[in-house]
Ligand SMILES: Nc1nc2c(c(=O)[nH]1)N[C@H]1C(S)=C(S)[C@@H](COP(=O)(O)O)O[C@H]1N2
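Single chain ahead, by itself, as structure tokens, in the form predicted on its own.
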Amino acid sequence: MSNVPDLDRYPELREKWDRRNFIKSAAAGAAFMAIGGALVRIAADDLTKAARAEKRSDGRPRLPPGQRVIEKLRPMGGDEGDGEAKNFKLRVTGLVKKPFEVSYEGLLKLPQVEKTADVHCVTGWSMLGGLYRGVQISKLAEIAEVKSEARFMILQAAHGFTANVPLKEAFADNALITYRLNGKPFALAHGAPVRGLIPDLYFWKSAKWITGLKFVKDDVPGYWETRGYHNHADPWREERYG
């Protein structure tokens, strides 16, 4: 026997019936989301476990201590830049023989590379195996003819944000000024149109909404470094805070 009332005969019951079905559907959806969330956590735990078993080419574990794997970049806030490619300018200055400025269109005309890289946030998440497209910072330094006395690079970004990076990490093979991740432009929350990528340091060093590279002799702590974060930021040494 059906539990459905005769709604044509008793139309005054329709509102209560519809409400009952809505509550049942919502409850089922919540249960599904709870189960789905558990499955997501299990999958993330498996990814983390697998990454901990892997080694990098330099012998270090692929996943630094205290990190867990997630599948997508997590927005981490910050004062957003303009975000428009047509307004983008990158200035390369400091201890260089040939300072220059390049537009977004000009950046695309420079030698392009695609590099696979893992990134590690100081808050404890890591995203592994992203394919980043852009221009190597070492190539920009070569074009500008960085002077021999330079020891550090300052990443400059919107609203005066800066991050200091030793040249060892700045000139790494996969250290880029990048505008694509896995074939797609960055969302504004992730630094569109162009951001830095310094994958061997905690991710705050990979400044978003990038505006310039300045090469200097003396170390100049940046925005987060002057607010208690570690000056160097090596994830394998857990250099999170100063």
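Just count from 1 along the sequence shown to find any residue number. What you are looking at is a predicted structure, and each value in this text was computed from that prediction instead of being measured.
If you look for the form predicted in complex with the ligand, you will not find it shown, but the lines that follow are about it.
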message = Against the ligand in the model of the complex, would Gly77 count as a contact residue? Criterion: heavy atoms within 4.5 Å.
response = yes
message = Is Phe203 part of the interface with the ligand in the model of the complex - any heavy atom within 4.5 Å?
response = yes
message = With a cut-off of 4.5 Å between heavy atoms, is Met153 one of the residues that contacts the ligand in the model of the complex?
response = no
request  = Find out whether any non-hydrogen atom of His190 is located within 4.5 angstroms of the ligand in the model of the complex, and reply yes or no.
outcome  = yes
task = Scan Val146, Val165, Ile137, Ala157 and let me know which has any heavy atom within 4.5 Å of the ligand in the model of the complex.
result = Ala157
message = Just to confirm, with a 4.5 Å cut-off on non-hydrogen atoms, which of Ala207, Leu63, Leu176, Leu213 contacts the ligand in the model of the complex?
response = Ala207
task = Choose from 166-174, 117-125, 138-146, 93-101 the stretch whose residues reach within 4.5 Å of the ligand in the model of the complex, heavy atoms counted.
result = 117-125
